[in-house]
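In structure tokens, one chain follows: the form predicted alone.
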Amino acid sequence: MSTSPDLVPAHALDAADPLAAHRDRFVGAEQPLVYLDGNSLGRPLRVTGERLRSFVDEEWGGRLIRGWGDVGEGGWMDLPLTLGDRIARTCLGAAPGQVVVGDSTTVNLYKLLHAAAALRPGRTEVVLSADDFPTDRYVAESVARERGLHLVWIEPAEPTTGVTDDEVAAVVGEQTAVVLLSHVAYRSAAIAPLAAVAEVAHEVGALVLADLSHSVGVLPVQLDRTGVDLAVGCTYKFLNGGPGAPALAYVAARHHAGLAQPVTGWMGHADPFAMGPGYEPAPGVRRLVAGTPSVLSMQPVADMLDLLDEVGIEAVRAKSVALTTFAADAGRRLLPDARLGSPADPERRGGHVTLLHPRMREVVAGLWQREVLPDYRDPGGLRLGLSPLSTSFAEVEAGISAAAEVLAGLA
């Protein structure tokens, strides 16, 4: 992927792509439909249908209630932690025992923001970006109301390049309990400097809670190295878990002993089958588990982790950089009236590219009628979600060429 995509046609890039053969492992990749929305919902792997059939026939149908086992026996009861450890190792740069899988990103964000505020008693402020994903802002508003906290908003000076550590440093202080920030911005794909933000926050005694929804599975995160305290993320984008697949939650081991989350279900109890009169949290990150794990929905995630283990997250990132660079260049050539709504520097850009034009909402509607499926994000953003293992360079070129035709027709 070292050859500049500016100088090489799409078919040549596909021919030289060391990951190109893996595209056939995804359902629908052989169809003419152009899919450029993998950062909203990833394609399923072909092997997942086989895994689910085997699970229904053998594990669910064969073992029935015995499949749950007991905590520590490797049955379904342990899946939130065993799958969490696999995600931690494959994608997150985190040691074992710090990631759990279950609930939705929204629920996990609620739990962890509550827990983070409780870890900093007496502090009254949560810092977050006004340009962050709506759910993150809405959950923060809810937790602030419940805990009597004040939200301190960062208005990024340049949304296309994201929040900077200097902007965080300008608003944190002795009253800051938590800095809540997306690792990759949902509109622009700008990568936040998590290590620098963590250093700034820790200097004033605050915690950092990161949303990894647009980074897990597409770029190396290195949570332990960055010093991030807590994190959430989804598994249905670049981890291809399918619609409604359970989310992940990370808590650094140094915070486990004092962690108190607000949704205290029986599966997070120290002894779930004791059915005792009071709640005693399980040791470690297991205390984040609340209700019954989504065992069926965890199966596709396991398949994608198998593939990521085989390929390596660094190779995925290299392909991602090449794809987004190619998309940005194609946008400049084929959509000269649009402008790039993502960082120009590929090292500051995540796994998608946004192209801005006042009529992009109409363009996206026209593209969907042509079996070209990108995403739209206000204001005027054509968002191209490029999944490195299932997206080809030719697919990107076809999608942007179609956008140019639709836009010309509107004019």
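Position 1 is the first residue in the sequence shown; the rest follow in order. What you see is a predicted model; the values in this text were computed from it and never measured.
In what follows, reference is made to the form predicted together with another copy of the chain, a form of this protein that is not presented.
Although the partner is absent here, A365 sits far enough away that none of its heavy atoms falls within 4.5 Å of another copy of the chain in the predicted complex. Interface residue remark: N240 is counted as part of the site for another copy of the chain in the predicted complex, having a heavy atom within 4.5 Å. The shortest heavy atom separation between P262 and another copy of the chain in the predicted complex is within 4.5 Å. Another copy of the chain is not shown here, but in the predicted complex it comes within 4.5 Å of a heavy atom of S142. You can rule out all but one of 199-207, 175-183, 249-257, 296-304: in the predicted complex, only 296-304 has residues with a heavy atom within 4.5 Å of another copy of the chain. Shown here without another copy of the chain, the chain has no residue in 220-235 lying with a heavy atom within 4.5 Å of that partner in the predicted complex.
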